[in-house]
Each structure stands twice: as C-alpha cells, then as structure tokens.
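One chain follows as structure tokens, the form predicted alone.
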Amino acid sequence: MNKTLNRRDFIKTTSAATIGVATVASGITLTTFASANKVPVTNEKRWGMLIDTNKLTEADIDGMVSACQQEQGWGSEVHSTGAQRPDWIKKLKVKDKATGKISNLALMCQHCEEPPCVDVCPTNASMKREDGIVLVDKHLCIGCRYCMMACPYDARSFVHETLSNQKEHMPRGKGTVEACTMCVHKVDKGEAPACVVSVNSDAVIFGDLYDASSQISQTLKTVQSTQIRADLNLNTGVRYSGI
C-alpha cells in the first residue's frame, strides 16, 4: 500500500474498520507462540522501535514489507473480489504542507501501552504481554472486528480466505484478526524483528525502552521523536523522528 497523506492530518487522524462475523481459528496454539522463550516475560522490559523518516527510503520500506511477508507468511493469499488484503505494514508518504517535504513512513501496529484493541475485545483474544507486545490469540478471536474499529492506526487485518502453508510460529486462521507481532518469536530468542534486520542502516532501531543504555533509549534522548496520535495518551512502543 502506498499513499500520500498530509503530515498534520496523518499524525492527528486515522481510519476505521467495519464489523462482521467470524468462524474458526487456526490449528496451532498461540499459548506456546506467545511465550516461546524459556525466560518468563516480565514488565521489566518494554520493547519498542524508532523509525527515522529522514533516513528511511522507499526501498527500505519495500524491504521491510517483503521481510515481514516472508517471515510471517502473509501476502501471497488468493483473495475473492472485494475481500480485504492483509496489510501488516503500510507504506505511506506524509507531506508537510508548510514546506512541501515528503517523508517515507512505515506504519504498523504501534504496540500501545494502553491498547484500545484490548479494551474492546469481548473474548480477551486481543492481549498485551508484560513486555508491551500486543498480540491476538487466534483461538479466542471470534472475528467481531471490534478491535479493528478501535485501533486508531488501522493496523489490523481480517482474514477472509482459507489459508495454507502457514508458518509454524505464526498461526493464522480464516475469520480471525491479525496484525504485526513485532516478530515476538524472534524477540524471545534475543533477535530483532525481521523488518528491522532488513534495513541496512540505523533508520530503524529496535530495543528495550526501559534500558537506559540501549541504543533506542540513547537515541531518543538526542533526537526529537513523535508518537502518532499522541493526543490519545496510548504511549506507543513505536516512535518516529523526522515528521
């Protein structure tokens, strides 16, 4: 997805989703997936990402999308006419009206500290781990799509089609909602998300926001950064500089 948005409108406004009904979930247990590491997940860490739009190129974003698709197994589905396509990372252009400057931007789940998707979920399928990563338990998801309407970033997708060739670490299912997991299966092994690894520069930094010595914390002390829709007080895990 590639569109140009006004910078001020982008930071302050978002789009909504529609509501419907869903059926089944996938056959891989998310209980194992959500706690794949042997070390218990605690609130002593808060995983986050800093995206520098001054350094991020269109090619970088294309690479991030491709890396996410390959890692998580989405993007190659056969869709019926009019069905929503998965969109875990959006490729956007944001224009500053005052200067005419256009910034390339990658938008995904913002992994909020106070996630609206979790608040509205009637089955607790939408959940936030102690370390701040927001996930969807596909076995509990009934496809009501309340979370999609509540998300101010339009970051979630609904699976309309029967899926095959799924990744073992990423259960997906027809009739359920899905979104960026911050590659939690990699994070739990001490690795960075696939999209971050795909960028051959420091345009995207991943790390522990609570660790004062981490690269992301040190960088946030020296650059001006922005949370998309900061007025909502969601304290997002994904931050941006350069917009």
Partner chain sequence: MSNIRFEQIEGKSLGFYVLVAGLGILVLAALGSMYYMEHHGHFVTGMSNRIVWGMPHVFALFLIVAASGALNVASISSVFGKKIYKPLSRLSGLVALSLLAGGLMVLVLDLGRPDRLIVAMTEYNFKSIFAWNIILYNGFFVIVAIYLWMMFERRMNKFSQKLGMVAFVWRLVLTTGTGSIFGLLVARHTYDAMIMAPKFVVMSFSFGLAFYLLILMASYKWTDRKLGDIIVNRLANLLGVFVAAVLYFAIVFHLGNIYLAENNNVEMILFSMDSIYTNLFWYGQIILGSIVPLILIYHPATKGNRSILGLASMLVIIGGFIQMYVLIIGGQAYPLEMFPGKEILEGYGGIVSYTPSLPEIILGVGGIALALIAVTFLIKFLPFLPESLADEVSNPHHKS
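Residue numbers count along the first chain shown, from 1. These numbers come from a predicted model, not from an experiment.
Just so it is clear, the following notes concern the form predicted in complex with its partner chain, a form of the same protein that is not shown.
(request) Tell me, yes or no, whether Pro122 is in contact with its partner chain in the predicted complex, where a contact means a heavy atom of each within 4.5 Å. (result) Output for Pro122 is yes: heavy atoms within 4.5 Å of its partner chain.
(message) Using a 4.5 angstroms cut-off on non-hydrogen atoms, would Pro152 count as touching its partner chain in the predicted complex?
(response) Yes, Pro152 sits close enough to its partner chain in the predicted complex that at least one of its heavy atoms falls within 4.5 Å.
(message) Considering non-hydrogen atoms and a 4.5 Å limit, does its partner chain approach Leu220 in the predicted complex?
(response) Leu220: no, not in contact with its partner chain in the predicted complex.
(request) Decide whether Thr176 counts as a contact residue for its partner chain in the predicted complex under a heavy atom distance cut-off of 4.5 Å. (result) Because a heavy atom of Thr176 falls inside 4.5 Å of its partner chain in the predicted complex, the answer is yes.
(request) For the heavy atom contacts within 4.5 Å of its partner chain in the predicted complex, list the residues of 133-155 involved, in sequence order. (result) The stretch 133-155, when checked against its partner chain in the predicted complex, contributes Lys138, His139, Leu140, Cys141, Ile142, Gly143, Cys144, Arg145, Tyr146, Met148, Met149, Ala150, Cys151, Pro152, Tyr153, Asp154 at the 4.5 Å heavy-atom cut-off.
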